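Only one chain is shown below, in structure tokens, and it's the form predicted alone.
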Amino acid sequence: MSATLTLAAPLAAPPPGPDDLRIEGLVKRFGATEVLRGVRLRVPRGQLCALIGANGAGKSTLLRCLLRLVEPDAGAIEVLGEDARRLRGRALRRLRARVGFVFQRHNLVPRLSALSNVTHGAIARAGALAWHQALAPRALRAEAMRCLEEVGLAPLALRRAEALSGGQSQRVAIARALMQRPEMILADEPVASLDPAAGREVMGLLAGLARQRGITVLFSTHHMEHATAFADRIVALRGGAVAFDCPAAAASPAALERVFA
């Protein structure tokens, strides 16, 4: 990795607020393998935090544990003031509705339009009416269109998801997350499947929208230039534990490289 980066600087970070995320002693095992080993992490409101590490370091598992998409084996998790490990049923669904999750593979419904995929973000509050643009009330469709406008895809609103490029699909996924009116966004390698130019555009879009809306973001990435260019803070996992945690501006290329050694 070069010691000099030519990427554009991120938008100014807001002053830290109260913690939106608190993790203490998080442990996750798959069989005899301990994937997360006592992870401790706090993320204040409005911060963009990059989670880096080699394949198998535990990044995806950590993100999924936060909303109990994967059940942790030990530790405490507080998300948006809620004890995530204690929640069940409707209470857990309400918490998940407050957090947008952007996956690497987009998870769009291929045969539905971009607009219908975005309305899905409102299912928690609108139910079946949010499943398809033809069912959605006018106000819901208008909100979905505004979300598509924010990601630059309003002209493609009626195009089927299967006809979109990878970068366009991920923009739709971000618009769908925004449709949730999230207080936090978790993004798991959101640009790993994109070419470098598209990846940079999507990361810049996600970071910019989060800044504008004051949304806390925790995103995993193996692109060090994305972590240093768009995040306020970098947390590195190695072997399932936190290897270092520092402001993005203070992360040296040598320290970043050691995470992958």
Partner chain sequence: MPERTAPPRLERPSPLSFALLVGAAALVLSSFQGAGFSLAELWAGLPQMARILGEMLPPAHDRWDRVLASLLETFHMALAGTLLGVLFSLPLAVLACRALNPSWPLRAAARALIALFRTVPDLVWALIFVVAVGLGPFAGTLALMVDTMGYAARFFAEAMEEQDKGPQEALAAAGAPRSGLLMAAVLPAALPSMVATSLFCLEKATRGGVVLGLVGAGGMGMELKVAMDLFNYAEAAASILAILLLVVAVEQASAALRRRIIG
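Everything quoted here is computed from the prediction, not taken from an experiment. Positions refer to the first chain, counted from 1.
Unshown form predicted together with its partner chain; subsequent notes refer to it.
Between the options 64, 37, 45, 223, which residue brings a heavy atom to within 4.5 Å of its partner chain in the predicted bound form?
Exactly one residue meets the criterion: 64.
Which listed residue (158, 129, 109, 142) meets the criterion of a heavy atom within 4.5 Å of its partner chain in the predicted bound form?
Among 158, 129, 109, 142, a heavy atom within 4.5 Å of its partner chain in the predicted bound form occurs only for 109.
Heavy atoms within 4.5 Å of its partner chain in the predicted bound form: which stretch in 144-152, 164-172, 96-104, 76-84 meets that?
Checking each option against the 4.5 Å cut-off leaves 96-104.
With the partner left out of view, is residue 69 within 4.5 angstroms of its partner chain in the predicted bound form by any non-hydrogen atom?
Result yes; residue 69 sits at the interface with its partner chain in the predicted bound form.
Verify the contact flag for residue 120: yes if a non-hydrogen atom of it lies within 4.5 Å of a non-hydrogen atom of its partner chain in the predicted bound form, no if not.
Looking in the predicted bound form, residue contacts with its partner chain include residue 120, since a heavy atom lies within 4.5 Å.
Residue 133 near its partner chain in the predicted bound form, any heavy atom under 4.5 Å?
Contact with its partner chain, no.
Full three-residue contact with its partner chain in the predicted bound form, heavy atom 4.5 Å, for 233, 249 and 252
Not a single listed residue reaches its partner chain in the predicted bound form, so no.
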